[in-house]
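Given next, in structure tokens, is a single chain: the form predicted on its own.
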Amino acid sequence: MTVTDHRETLRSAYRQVRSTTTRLCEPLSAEDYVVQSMPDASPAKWHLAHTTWFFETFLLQPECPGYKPYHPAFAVLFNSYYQGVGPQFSRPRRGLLSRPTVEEVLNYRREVDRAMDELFTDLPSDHFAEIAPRIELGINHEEQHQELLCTDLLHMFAQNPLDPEYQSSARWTPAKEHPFAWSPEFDAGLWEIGAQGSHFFFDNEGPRHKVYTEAFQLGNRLVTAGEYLNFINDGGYTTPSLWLSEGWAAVNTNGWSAPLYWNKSADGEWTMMTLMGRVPVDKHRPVCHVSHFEADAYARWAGARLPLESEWERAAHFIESQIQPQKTSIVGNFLDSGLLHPTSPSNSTSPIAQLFGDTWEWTASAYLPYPGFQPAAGAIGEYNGKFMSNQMVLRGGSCATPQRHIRTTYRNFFPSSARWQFAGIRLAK
């Protein structure tokens, strides 16, 4: 691809990702933009501003002589965690930022988009080729925030006794049953995992390296809500032998008795909060909004375990090469489908369905650096590396992840107690 072609490809991707983020906010009222429902979530307005701050801070200011920041205070208000750039406004207090207004933030986006368009047009080819990886990083960064926007909005709406709908509940349809089975066995052996090549990937996806895996099998689909109900009804949340010590403490401290957003009525019917409002729990849809502790306890109750991330990636490479080699992109239920909730597998003949999309899949692997990992120089190096402690790896993407954002090598990570993401369970043995 020539520099000119790459420039136009990135310009198109930039425009698309920016318009998608704005479109995701269209169903919101002015009041919705400001609410922060918990310290780990951020208001919609903050997501709109922070993703804009990223392009202004890491591209416009260093690469455009004479560029003046839109507002000097935004450097602090919308810096998330980049210590190398400067101080940050307290994360748990983002919901107190009633000013700048929503309109001011949208204007901030428009002005930065205008300046970025000039950067795309005016930079000489050699200079553009040098900064193109940073533009791609900014695009992927905003795609991550599109997913966070969806999960944070769901958490916010779930706190409201009116059970608001982000999108019409008419989109909610019953899922189809998909019988459980174990995949064909993968032989023991030495394999390579991790990213390499000229395509974009985050630094934590590499370097590519060899791993040894024992023979293993994976469940042919995600664990369903109906199967998880069996775990609940069998005393799963009251049996300490099923739980890791820290997980058992979380169950008792937080009063967990079901996945996040599930409620049981007086007549024994289970419902759950979704972006389509409150709906009956569909036994054939994948269970989601469970922590790593809950996923691990369920797997132990089921006489199985969670997969290692090396096992998951090996299986995903197999599916890519054997099942869908003709596809130009990964197939699954992603943000692009507009469903905004996991559903039953679309391919009933695949030996391992739902590896991509629907829910993130907890693994049994701690989030640690691959052999030879080195973070990038400067503040950009803070993106992933400094979080490699006390987190667990998730794979595959979810119904809130943009489709172009996911790769077989993609490593997501969250603390073991996190529940507000679209995270589910796949069994291994």
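None of the values given here were measured: they were computed from a predicted structure. A residue's number is simply how far along the shown sequence it sits, counting from 1.
There is another form of this protein, the form predicted together with a further copy of the same chain, and it is not shown here; the text below is about that form.
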Inset, instruction - Counting non-hydrogen atoms within 4.5 angstroms of a further copy of the same chain in the predicted bound form, say which of P259, G138, G95, G194 makes the cut. - result: G95
Inset, instruction - State the residue from P345, G206, G236, P100 whose non-hydrogen atoms include one within 4.5 Å of a further copy of the same chain in the predicted bound form. - result: P100
Legend entry - F387: touches a further copy of the same chain in the predicted bound form, heavy atom cutoff 4.5 angstroms: yes
Inset, instruction - Please run the contact check for Q403 against a further copy of the same chain in the predicted bound form: heavy atoms, 4.5 angstroms, yes or no? - result: no
Legend entry - G268, heavy atom within 4.5 angstroms of a further copy of the same chain in the predicted bound form: no
Legend entry - F231, heavy atom within 4.5 angstroms of a further copy of the same chain in the predicted bound form: no
Inset, instruction - Indicate whether the candidate residues D32, L162 and Y212 are all in contact with a further copy of the same chain in the predicted bound form, with contact defined as any heavy atom within 4.5 Å. - result: yes
Legend entry - a further copy of the same chain in the predicted bound form: contacting segment from 62-70, 394-402, 35-43, 48-56, heavy atom within 4.5 Å: 35-43
Inset, instruction - Select from 214-244 the residues with a non-hydrogen atom within 4.5 Å of a further copy of the same chain in the predicted bound form and write them out in sequence order. - result: E214, P240, W243, L244
